[in-house]
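In the form predicted on its own, a lone chain appears below as structure tokens.
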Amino acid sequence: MKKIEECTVGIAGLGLMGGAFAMAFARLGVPRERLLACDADARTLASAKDQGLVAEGSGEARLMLPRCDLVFLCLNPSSLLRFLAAHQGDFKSGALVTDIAGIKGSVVLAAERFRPDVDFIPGHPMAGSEKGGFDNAGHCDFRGKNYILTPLARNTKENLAFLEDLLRRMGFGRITRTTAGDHDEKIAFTSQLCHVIAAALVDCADDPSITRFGGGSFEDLTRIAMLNAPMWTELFIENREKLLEHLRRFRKSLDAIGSLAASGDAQALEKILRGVREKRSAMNG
């Protein structure tokens, strides 16, 4: 693989994350003339060009893909799978391709069946924002954030090392390699369950002025309730088996704490809360 400054880079999908990656490539010194993008929204493409983030933008991926040494597919899972099916023949032979989809089971299956002369390394940046869309890409901060890779057996060591080095240079602090199954199991807990809880908490509020009584807890817990509804609906349903198991366990813990509060058993309740504090403190930061 060439040095990143010598690569022609393509970004498919200039939403929040696609825009953030475009900004990251610009900061790394990738020449503007080597940064290309495709997106269905002409206004977004024009904005990206006006800001000097990409040299060319098009609604036609086939105009971009044959020229790119490195491609970031910044699409939701279903859109990504359709994109791969439609454009499998358009990628440059020898290209390194990666994605950012929030569920990896179906993506890895598609990657394993993809052209053998294209090195597809599935990935997932844990660095989103509740403010979606290209216009809010500047709010997406990569510094110190986690990045998950679910490599295939056929991925080359050189390309894996190249991609990990690139991600670190973008600011990501911890890169984890794992399987698609392990990723989807853990993400169901750390991401999808949290979004379900935030959504339910806001949904059960019946006072629109409740934030006048907030001291930070409500605000912290519900920030992610400002979610991208179509994307998160897709993620919840696609990963529902693992998500529902975590929801069952969450309800069990919630009911246990509620029962102790209802019974007035302060000693038992305090014991649980002390244990929770110790458990959280012991978790890796």
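Source: prediction; values computed, not measured. Quick note: we count residues from 1 along the sequence shown, nothing fancier.
Keep in mind that the form predicted in complex with a further copy of the same chain is missing from the display, and what follows is about it.
- Residue in contact with a further copy of the same chain in the predicted bound form (any heavy atom within 4.5 Å), chosen from 117, 207, 165, 158: 207.
- Note on contacts: among 63, 26, 55, 247, the single residue with a heavy atom within 4.5 Å of a further copy of the same chain in the predicted bound form is 247.
- Looking at residue 130, you'd find a heavy atom of it within 4.5 angstroms of a further copy of the same chain in the predicted bound form.
- a further copy of the same chain in the predicted bound form comes within 4.5 Å of a heavy atom belonging to residue 279.
- The closest non-hydrogen atom of residue 229 lies within 4.5 Å of a further copy of the same chain in the predicted bound form.
- Under a 4.5 angstroms non-hydrogen atom cutoff, a further copy of the same chain in the predicted bound form has residue 258 among its neighbouring residues.
- Just one listed stretch, out of 172-180, 67-75, 107-115, 87-95, contacts a further copy of the same chain in the predicted bound form at the 4.5 Å heavy atom level, and that stretch is 172-180.
- Heavy atoms of no residue among 83, 121 and 152 are located within 4.5 Å of a further copy of the same chain in the predicted bound form.
- Contact residues in stretch 192-220 (any heavy atom within 4.5 Å of a further copy of the same chain, taken in the predicted bound form) are 193, 194, 195, 196, 197, 199, 200, 201, 202, 203, 204, 205, 206, 207, 208, 210, 211, 212, 213, 214, 215, 217, 218, 219, 220.
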